[in-house]
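Before any questions on binding or motion, here is one chain by itself as structure tokens, the form predicted alone.
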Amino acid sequence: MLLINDLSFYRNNNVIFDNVNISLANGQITQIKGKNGSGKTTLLKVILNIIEARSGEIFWEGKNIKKNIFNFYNQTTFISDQYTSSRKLTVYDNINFWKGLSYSQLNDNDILLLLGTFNLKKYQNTETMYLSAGEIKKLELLRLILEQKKLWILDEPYNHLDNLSIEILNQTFIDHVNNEGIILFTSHYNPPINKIDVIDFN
């Protein structure tokens, strides 16, 4: 379970968000909606301990993440709206790099199946600098399955995706929560998935 208690963040004495409370149990999806600049991305970064909150606490599996940070990161995949893949590496080399960092148990055949699912197999030996924004987005999203983590935190995961890729991502979300996974994401898009808890950040 991820528990966020009375979380507040100020920037130059301006309130970005104040007293945010979120509780995410196993098998739960929560969507954060709001206008650009409303603080959605900042909230995710505070939850991930990338930037410091002004006040409040965050608990993962019953422990404050500041005292449990290794376990928290070990069970979390964060997909940013900014690309983390290396432009000079091929698609396959990027995947192998992420695989090594996460100690993924997927083998080469599993990876080829993933590439096929997201229609990226023909680009496996292509440097990512030559891919479109949508193709890079799909490559980034492969980390969800590759890293095999329990908690998924995503910032605008639907950006740049075509309709088929959106359907694949929605099914990936459903499969994850059906296996007791937890998902927290920001998006303007309303995925047709049952039982999404929505937090309005306007």
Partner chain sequence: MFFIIKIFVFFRRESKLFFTNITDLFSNIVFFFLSIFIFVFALGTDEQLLKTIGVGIIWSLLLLSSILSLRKFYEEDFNNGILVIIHMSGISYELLVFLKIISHFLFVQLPFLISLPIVSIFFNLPTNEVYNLIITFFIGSLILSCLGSISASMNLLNKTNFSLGGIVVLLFSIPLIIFSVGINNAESELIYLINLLIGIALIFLGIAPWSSAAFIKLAISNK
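Positions refer to the first chain, counted from 1. What you are looking at is a predicted structure, and each value in this text was computed from that prediction instead of being measured.
Note that the form predicted together with its partner chain isn't included here; everything after this is about it.
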Requested in this report: Please run the contact check for residue 96 against its partner chain in the predicted complex: heavy atoms, 4.5 angstroms, yes or no?
Outcome: yes
Query raised in the report: Is residue 143 close enough to touch its partner chain in the predicted complex, meaning at least one heavy atom pair within 4.5 Å?
Result: yes
Query raised in the report: residue 89: heavy atom within 4.5 Å of its partner chain in the predicted complex?
Result: yes
Query raised in the report: With the cut-off set at 4.5 Å between non-hydrogen atoms, does residue 82 touch its partner chain in the predicted complex?
Result: yes
Query - Residues in 57 to 75 close to its partner chain in the predicted complex, defined by a heavy atom within 4.5 Å, in order - result: 70, 73
